[in-house]
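A lone chain, given as structure tokens: the form predicted alone.
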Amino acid sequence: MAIAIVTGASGLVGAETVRVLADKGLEVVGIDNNMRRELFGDAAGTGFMRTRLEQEVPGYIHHAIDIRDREAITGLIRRYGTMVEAVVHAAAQPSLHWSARDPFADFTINATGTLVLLDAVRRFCPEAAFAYLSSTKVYGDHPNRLPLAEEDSRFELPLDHPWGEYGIDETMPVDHASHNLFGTSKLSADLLVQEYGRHFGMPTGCFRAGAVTGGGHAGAEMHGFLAWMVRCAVEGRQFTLFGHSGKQVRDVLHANDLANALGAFIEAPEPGAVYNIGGGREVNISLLEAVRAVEDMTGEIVHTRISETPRPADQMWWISDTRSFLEAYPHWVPAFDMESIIADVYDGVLARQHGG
């Protein structure tokens, strides 16, 4: 019996990955203790998704374990041993705002939890493909030093810049930049995953993702701008544009497209791999542009206010160059464009409002 273990299994990317790996014929074991509810409140909890997975995915087994619990994690990995063929580590504290409230919790969840999982895999199933959901925030505010041009609704990098045509690749430095505490804990985990690949020969990969969303996203003000914006439109809440006049740009990737990328890596892992992964030049949007797009989709007004204070180390422009991943996995073709992403998020918000 081939086993896949997915941490953060009830979360946005985790749940999509459970389904993708189950469709590939793997028996999926999920780890998720609904920490998101503790971090962001009841409306952001993921208990509803655990119920769906248990009802809809044949053979799915769920464990409500804290990723930092070394004894519990080690015991679980030991139990399955070499039957484990794949591990996807999507559990995280995902908010830069929240990280400043409790830096110790942020670091232990993101960095120490990753170390706990990595070392258990090294001891009991070292041949298993290990895919880690990292973040573009590992680069800190380096993108803000690019020669960005301010346009009516966004910042833009000229196409004649080396990163202008395709986006930012993995050669962007991580040093001599402000990262905020979240970016620091994610970078620490990212480096651990790389080093376990290089030092111990484990087939590990880091996926540096930015704005990932989808219908399963329980958006909150401190994490998931697009899902939160749709919630604000539907529920009549106010959406705050933090700094940069709302012109900061994000490439957006649907969680299912990311899960399929993780699945492709698992089938043919490359040890110590690092990939920038996102919507790229094809699917990106500024916050101001997103307001208009969400209003068009929902038929509701997004009530906004602009704060002159940006989020710490906020990136003014991020578009991922995905060519490294596509060179290794040319059959990966994202299925969602911006319109279909927003439509799916909208459907998800409505479904949760009605108890779906």
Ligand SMILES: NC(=O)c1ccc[n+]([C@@H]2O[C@H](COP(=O)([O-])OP(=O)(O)OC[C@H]3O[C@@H](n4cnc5c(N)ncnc54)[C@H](O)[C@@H]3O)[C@@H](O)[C@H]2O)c1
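If you're wondering where the values come from, they're calculated on a predicted model, not measured in any experiment. When you see a residue number, it is the position in the sequence shown, counting from 1.
Here the subject shifts to the form predicted together with this ligand, a form of this protein not shown in this document.
- With respect to this ligand in the model of the complex, the three residues Ser10, Thr46 and Pro94 uniformly fall within 4.5 angstroms at the level of their nearest heavy atom.
- Using a 4.5 angstroms threshold between heavy atoms, His217 counts as touching this ligand in the model of the complex.
- This ligand is not shown here, and in the model of the complex it never comes within 4.5 Å of any heavy atom of Thr304.
- Interface membership of Phe265, defined by any non-hydrogen atom within 4.5 Å of this ligand in the model of the complex, is ruled out.
- A residue is said to contact a partner when one of its heavy atoms sits within 4.5 Å of a partner heavy atom; Phe182 meets this definition for this ligand in the model of the complex.
- Proximity to this ligand in the model of the complex, taken as heavy atoms within 4.5 Å, picks out 67-75 from the listed stretches 67-75, 172-180, 281-289, 153-161.
- Interface residue among Ala128, Val212, Ala131, Leu117, judged by heavy atoms within 4.5 Å of this ligand in the model of the complex: Val212.
- Only one of His223, Arg250, His142, His244 comes within 4.5 Å of this ligand in the model of the complex through a heavy atom, and that residue is His223.
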